[in-house]
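Have a look below at one chain only, the form predicted on its own, in structure tokens format.
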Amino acid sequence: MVAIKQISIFMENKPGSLARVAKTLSGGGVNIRALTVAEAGDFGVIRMVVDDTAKGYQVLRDGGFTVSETDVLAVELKDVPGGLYEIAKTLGENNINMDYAYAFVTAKAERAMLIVRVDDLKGAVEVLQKAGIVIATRREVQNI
């Protein structure tokens, strides 16, 4: 399976929260590769892909954070108008729901990546690959 691990942190939505997370990871020598923050009133969820998931998870747990791991896909996104549409259409036509997604462009804009959580991981991999859409491996994402 080409799924990668994403770290999610549940925490209070207040000034300095993200700085605490970043400092903890930095102190542990863990580099953030992709990140999104979603708020829900007084609390929020920080989702991220890091260069060393096991280490990132452990330093955050040791730092007192509420942390979980989730399987997601890292899909190569054409960095042109319609790039997201191609992926969303392929999944939608195959009755696979995107629970959430976030994207980033790599250094020097060599490629764009979409981190996506879907309700059918195996099915998503099959239909995306059949459509010629590249799914990145954990190693590829860690080395971006």
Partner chain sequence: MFRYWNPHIERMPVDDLRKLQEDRLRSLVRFVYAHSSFYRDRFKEAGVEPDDIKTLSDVTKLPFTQKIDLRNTYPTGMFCLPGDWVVRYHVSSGTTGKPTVVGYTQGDIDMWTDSLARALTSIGLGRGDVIQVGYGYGLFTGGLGLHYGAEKIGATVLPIGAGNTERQIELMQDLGSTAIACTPSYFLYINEVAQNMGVSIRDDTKLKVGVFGAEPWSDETRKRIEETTGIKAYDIYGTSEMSGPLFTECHLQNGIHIWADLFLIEAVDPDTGEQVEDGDRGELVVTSLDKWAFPLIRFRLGDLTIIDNEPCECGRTHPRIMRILGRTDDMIVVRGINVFPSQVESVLMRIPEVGDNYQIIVDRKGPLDVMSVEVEVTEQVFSDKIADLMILSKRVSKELKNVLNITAEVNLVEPGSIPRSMGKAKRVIDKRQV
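Numbering follows the first chain given and starts at 1. The structure displayed is predicted, hence computed values, not measured ones.
Omitted from view is the form predicted together with the partner chain, to which the following refers.
In the model of the complex, the partner chain lies farther than 4.5 Å from every heavy atom of V105.
Using a 4.5 Å cutoff between non-hydrogen atoms, A54 does not count as a contact of the partner chain in the model of the complex. At a distance threshold of 4.5 angstroms between non-hydrogen atoms, R61 is in contact with the partner chain in the model of the complex.
Using a 4.5 Å cutoff between non-hydrogen atoms, E93 does not count as a contact of the partner chain in the model of the complex. For the marked spot (V45, V67 and T70), a heavy atom within 4.5 Å of the partner chain in the model of the complex is present in each of the three residues. Interface residues of 18 to 43, taken as those with a heavy atom within 4.5 Å of the partner chain in the model of the complex (partner not displayed): R20, A38, E39, A40, D42, F43, in sequence order.
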